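Next up, structure tokens for two forms of one chain, structure 1 and then structure 2.
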Structure 1
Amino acid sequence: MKFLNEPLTENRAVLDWIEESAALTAPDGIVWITGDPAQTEELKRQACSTGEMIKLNEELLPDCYLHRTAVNDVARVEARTFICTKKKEDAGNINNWIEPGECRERLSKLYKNSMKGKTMYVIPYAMGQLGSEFAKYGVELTDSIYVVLNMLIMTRAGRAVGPHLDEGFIKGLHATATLDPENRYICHFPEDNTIWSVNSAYGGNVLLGKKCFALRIASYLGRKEGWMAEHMLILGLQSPDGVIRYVAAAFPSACGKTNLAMLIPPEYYKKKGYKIWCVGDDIAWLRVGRDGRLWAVNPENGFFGVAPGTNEHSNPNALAATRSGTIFTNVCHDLDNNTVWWEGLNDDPPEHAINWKGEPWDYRKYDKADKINTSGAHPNSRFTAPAKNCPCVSPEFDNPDGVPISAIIFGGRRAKTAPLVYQSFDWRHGTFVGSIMASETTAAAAGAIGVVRRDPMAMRPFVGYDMGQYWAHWLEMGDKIPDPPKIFHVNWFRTDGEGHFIWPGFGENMRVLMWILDRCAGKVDAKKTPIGYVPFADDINLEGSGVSKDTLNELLSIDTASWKEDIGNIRDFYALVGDYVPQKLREELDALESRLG
């Protein structure tokens, strides 16, 4: 092997795997990523010299860079994402499956000599705090400096990880290859702790510590080892007396997950001294603590956020996080200031700009009906920002023990069916509530409007094994947690007869969080309904919200007809998931139908 610097481990399992991967991909040399500033700066210089990245205005955006992917490589590709288990039934009906031997044979042809003339970078990294009970370790091999620099932001990577690498490390091999979309594969071998990604350079497909490891592989490990890997934000709500209570929340895409994670309290609560702390915006690993409660960490070290729509009003904390040390992907390049811009940032699009495709861009030709071709920034353009940049990052962010979770919150985008908030009867019923999570497609989404898409626990694209067995693991965890969090469901997106949102959302969502935490503390009662416990309107503080008591009562009402209509859709979804749907959840569905009358 042609190591161009000193290996960071002597572990034979790691070195043998690197040697095997190098023999397949044939790089000219191999460089270990140390995380040392001098090496990182040299990699940035190299990336700028080849045009892989563009350095932005050092005064306005210090240490920030712009990157563009190929126009056919701009998002996660669920259709090209596979779980490769020996038995198809272990991958389940929701996941795409390829038999492991067949997959390795097929992909080996694509990897063959794919790094010829390039350098292979070896990135040792940790998900979670090094040395903590939560931490897991991986190595990603890649031919992309862009991947290296993103992994240095998103994970705890480099020299300090080397001593932690053992035979159980997660193996990740990424090759940019030809970017052929027909031969693009993101494959997971959970039985072998391995991830293979080829023919993509988009972050969601190639930053292998993120969804690939931290959710798909980790969910499999969690089931095997007795913990949980979930697509959840973690936030802390601090009351004026200094007490902080934490919640974890799962939302499908376009349901306000990052905005909730970095919520700004409404003026009414801010004046009283309430604060919100962000522990994580995307992924939570949860374990039973020594005190019998469920404790959570964010295994990541940065934010990989969607740029369009992020602004001073929608999410000032996320915007602040991008102001230094950030990599922007597929946003608009403002040539006058050498900065970046995206739709929804402000009402002042740049006069002289290059769009996400690398073409001169005229904002006057923007057509909302054809965003892909007329926008300055791609609708899925991204920022990769260090978590420490966020003004509301939690003081407990680096706590190796994590934070204790008082409540788990599920959410979806429903026009009529779900009320603003309700609480499950118990953990088993809460698991059922998570299993039926759904959102309705909007005009902004492809396809028909109002179609219900089931996304259980917001994990539909991310479970590394059969969905029914994943639900069974949730039920088993309920038996293992002596003092479990209470489980709730929220819906910020209820509409009136003309399709307008009734609830103001954004910072006002804190009012619902306050009720949730009051319920966890036993401070307020609730009304028992067929779907769960619903607040009494007087127990949600509306002062300064602009929402009337009548509107709140409407938001909390149960649309029985919509729920009855939903039952058939849920049964169809359970049938799709298949034989492993736990009997307890089928019983919960029958009980719901019976309660609805």
Structure 2
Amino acid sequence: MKFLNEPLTENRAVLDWIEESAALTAPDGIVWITGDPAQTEELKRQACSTGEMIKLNEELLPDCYLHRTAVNDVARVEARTFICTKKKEDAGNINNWIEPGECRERLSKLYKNSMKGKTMYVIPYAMGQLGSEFAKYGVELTDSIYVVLNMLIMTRAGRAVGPHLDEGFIKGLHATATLDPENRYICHFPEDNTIWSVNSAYGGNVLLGKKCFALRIASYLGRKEGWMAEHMLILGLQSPDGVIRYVAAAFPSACGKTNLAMLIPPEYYKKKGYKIWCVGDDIAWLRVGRDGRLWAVNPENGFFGVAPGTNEHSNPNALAATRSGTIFTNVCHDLDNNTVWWEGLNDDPPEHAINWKGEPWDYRKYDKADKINTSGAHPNSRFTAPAKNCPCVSPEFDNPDGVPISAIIFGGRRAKTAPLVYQSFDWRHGTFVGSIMASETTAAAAGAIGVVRRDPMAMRPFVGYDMGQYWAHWLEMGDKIPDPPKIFHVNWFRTDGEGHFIWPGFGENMRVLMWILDRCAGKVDAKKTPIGYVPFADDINLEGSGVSKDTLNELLSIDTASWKEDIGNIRDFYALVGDYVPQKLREELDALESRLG
């Protein structure tokens, strides 16, 4: 094997698999990623010399880089994402499936000699804190320096991981190949701990530790081993007495996880001494703790966050996190000072700029009706920032035991049906609430935007097995947690007749979190309705919010007609999920229908 530096393990299984992958892809040489600063610096220099990355203004954005992906490769591609179990029924009806043997044969042709003239990088990485009970290990092979540099931010990668590979590892093979969208494949072999990704170079398709491992493979492992891998943020809410209580929240892609995880409390609460700590913004791994509560870690080490809309007011913490050591992808390049810009950063777009496609850009030609083609930054442009950069990163971020979860919150973009917040009756009903989640699609995945689709637990694109069995696993977990979190549902996205958001959102969402934690502590009463417990308007503090009591009442109102309309759609969805939908959830659906009258 053409190792250009010393391997970080002598583990035969690792070395044999690298050899096999190198024989297929035929790189000129193989480099182990150590995480040593000298190697990282050299890779950055190399990527800049080929134009793969652009070094930004060192004074204004130290150690920051800009990268543009191919114009046809700017989001996850769900239609090209596959779960390759031996039996189709194990992948379920919601996932795309290819028989593993056939998949390997088809993809081998695409991988063949695809790294000729290139270097293969071997990235040993951990999801979770090295050595902790939660941690799992992986190795990603890739021909992309961009992927290497992102993985160094998003995971705990490099030399220290080497010895842990003996505990088992997930194999990930990524080849950029020709970026042919017709032959783009993101394939998972959960029965073989393997991920194959080819013909993409974008985020969730190629940073294999993230959605591929930490959600799809991990959800499969979680079911086998009795834990959960979820598309959830984790935050801690500190009260003036110093007590911190933690919640985990599942919102679909680009529906507000990063924003909620880092929120700055409104002045009213800040003055009293309330504070939010961010443990994670995208993925949570959850286990039953020795104390009978549910405990969570964020297996990642950085944030791959949506850039557009991030600004000094909406999310100052995220913005601060991107001011050094960050890689920007598909944002707008401000040529006047060699910095970056995106829609919603400020009202001052750059005069001389290059858009996300790499073309000269004139902000005067921006057309809301044709956002994709006229915006400076792509709507799904992202920043990759180290978690340590975030001013509100939790002191528990590296705690190998994680944090205890008081509440689980589901949510999505619903113009109408869902009220601002409601609480489920119990874990089983809460699982039902998660199973019927729906949200308008966003730019985070290729395809139409703004179409309402069912996205259970915000996991529709990320469950590595049958959806009905995943719900059954949720119900089983409920039976295993002696002191389970309470389950809620929120909707920041209700609109008025003109399509404007009624609720101010962002920092103001703190007011809803306060109600949720008050409910967990048994401090407030609530109104029992057909869909669950809804707040009495007086129990949500509006001081300084600019929201009137009338508006709040409107936000909390339940539109029975649209719920009834939804029942049919839910039945269709359950039918699509198929035979494994747990009987208990079917009963919950019947019960909801009869309560609605």
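So that the term is clear: the rigid core is the largest set of C-alpha atoms that superpose within 1.5 Å between two forms. FYI, numbering is relative to structure 1, first residue = 1. Everything numeric here is computed off the predicted structure, so don't read it as measured data.
The form predicted together with sulfopyruvate (SPV) appears here as structure 2; structure 1 is the other form of the chain. Superposition of the core reveals a Cα shift of 2 Å or more for E167 between the two structures. Positional change of D496 between the two structures reaches 2 Å or more at the C-alpha, relative to the superposed core. When two forms of a protein are overlaid on their rigid core, residues whose CA moves 2 Å or more are considered shifted, and K549 is one of them between the two structures.
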